[in-house]
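Coming up is one lone chain in structure tokens, specifically the form predicted on its own.
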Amino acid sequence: MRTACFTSFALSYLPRARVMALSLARAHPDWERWALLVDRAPPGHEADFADFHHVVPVESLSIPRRRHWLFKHDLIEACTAAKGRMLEHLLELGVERVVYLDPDIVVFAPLASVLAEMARASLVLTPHQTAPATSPQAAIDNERGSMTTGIFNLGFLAVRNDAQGRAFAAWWAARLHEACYDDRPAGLFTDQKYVDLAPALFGGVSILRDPGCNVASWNLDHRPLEFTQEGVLTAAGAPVSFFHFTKVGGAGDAMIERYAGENPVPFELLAWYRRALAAAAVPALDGLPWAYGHFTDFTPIPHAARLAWRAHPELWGRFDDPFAAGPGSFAAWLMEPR
């Protein structure tokens, strides 16, 4: 059965994406590996995508008025907003099973439980938590966090190419096209909060409770990590299929440290991941700005400009390219006194 796994990222995340792709190739060498690139490398800064079978630039997707649409989003919003259309694209190509993995995920073993669920389900989701928090602090960090950002972690998603799977993809892509923002007061958290509705709106939704799938800082309090005598990484006694190294190098480190306690295994895992990222580094891309993070004169786009662009869709007919700079541009309009 043809299976495609895709990830979505900007060039700053290419080392993570390479580590993910290499790990996936070891576990599932027969799966197609697709990269959705929400970025552009400037001339003379070529990126190495040899670990992927296919690379799809975001501007090649069927998105109406792509540059107008891209301008609405910051980097994370754009990388998540494009996931819905990419899912539709792969289903339209006739791929029978589509799996999404965040670029900061590492696959440690075949996704056997995912494949078992996909044999009967149209959509497979993994909750952030599958057991009650073990402390008041964990309830604040993890349970309340899920109530804010979404019950299911969208670093993983699996969709079968059947009527329910296609219906979900069309609905999700439409919602992400309309509003994929980190706007928690409005009840939005990029692509993730929408999927809280999926079990109510669609049939064939499987909630995967395998403790070895999507192990991360937000569930380590009830998924302690260990190595067996044979060297197999386990979480709560189950073999780890994939681990989500979210925000490693930042807040993710602190959360893993908080819930590791005296267990050395999470720290060994973090040290290994840092070495893997260093080995996958692309020095030619170090320090490059995001292609959609600045105007054409390389002035950074302030977040307020993106908010104004969202709030005034009538401007879309007035400015051919919101990224342009100079007289008569949206950037110049922003500077006019009002």
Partner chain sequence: MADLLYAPQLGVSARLARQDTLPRPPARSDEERAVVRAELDAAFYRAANPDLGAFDPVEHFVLHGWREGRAPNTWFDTAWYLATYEDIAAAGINPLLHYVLWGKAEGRLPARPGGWRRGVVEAAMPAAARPTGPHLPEGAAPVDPAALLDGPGARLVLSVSHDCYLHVTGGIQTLIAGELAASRAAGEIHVHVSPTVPRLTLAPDDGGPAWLQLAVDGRYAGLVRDTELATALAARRARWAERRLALHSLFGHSVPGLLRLAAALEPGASLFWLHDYASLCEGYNLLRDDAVFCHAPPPASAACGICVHGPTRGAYLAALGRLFGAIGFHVIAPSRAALDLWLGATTLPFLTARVRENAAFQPGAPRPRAPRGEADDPVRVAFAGYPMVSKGWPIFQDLVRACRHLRAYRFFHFAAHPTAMDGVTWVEARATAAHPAAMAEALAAQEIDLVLALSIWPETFSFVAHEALAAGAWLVALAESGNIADAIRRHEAGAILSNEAALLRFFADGRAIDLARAHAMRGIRPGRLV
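Since the model is a prediction, treat every value here as computed from it, not as a measurement. Positions refer to the first chain, counted from 1.
Only in words, not in the display: the form predicted in complex with the partner chain, which the text now covers.
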Self-check item: Region of this chain that lies against the partner chain in the predicted bound form, out of 40 to 48, 269 to 277, 65 to 73, 299 to 307 [heavy atom, 4.5 Å]
Solution: 269 to 277
Practice problem: Let me know the one among 136, 231, 185, 94 whose heavy atoms come within 4.5 Å of the partner chain in the predicted bound form, would you? | Solution: 231
Exercise. Could you tell me which one of 181, 156, 108, 202 places a heavy atom within 4.5 Å of the partner chain in the predicted bound form?
Key: 108
Quiz item: Quick one: is residue 171 in contact with the partner chain in the predicted bound form, heavy atoms, 4.5 Å cut-off?
Solution: no
Exercise. May I ask you to check whether residue 261 falls inside a 4.5 Å heavy atom distance of the partner chain in the predicted bound form?
Key: yes
Quiz item: Within a 4.5 Å heavy atom cut-off, is residue 147 in contact with the partner chain in the predicted bound form?
Solution: no
Practice problem: Find out whether any non-hydrogen atom of residue 112 is located within 4.5 angstroms of the partner chain in the predicted bound form, and reply yes or no. | Solution: no
Exercise. Can you work out whether the partner chain is within 4.5 angstroms of a heavy atom in all three of 1, 32 and 52 in the predicted bound form?
Key: no
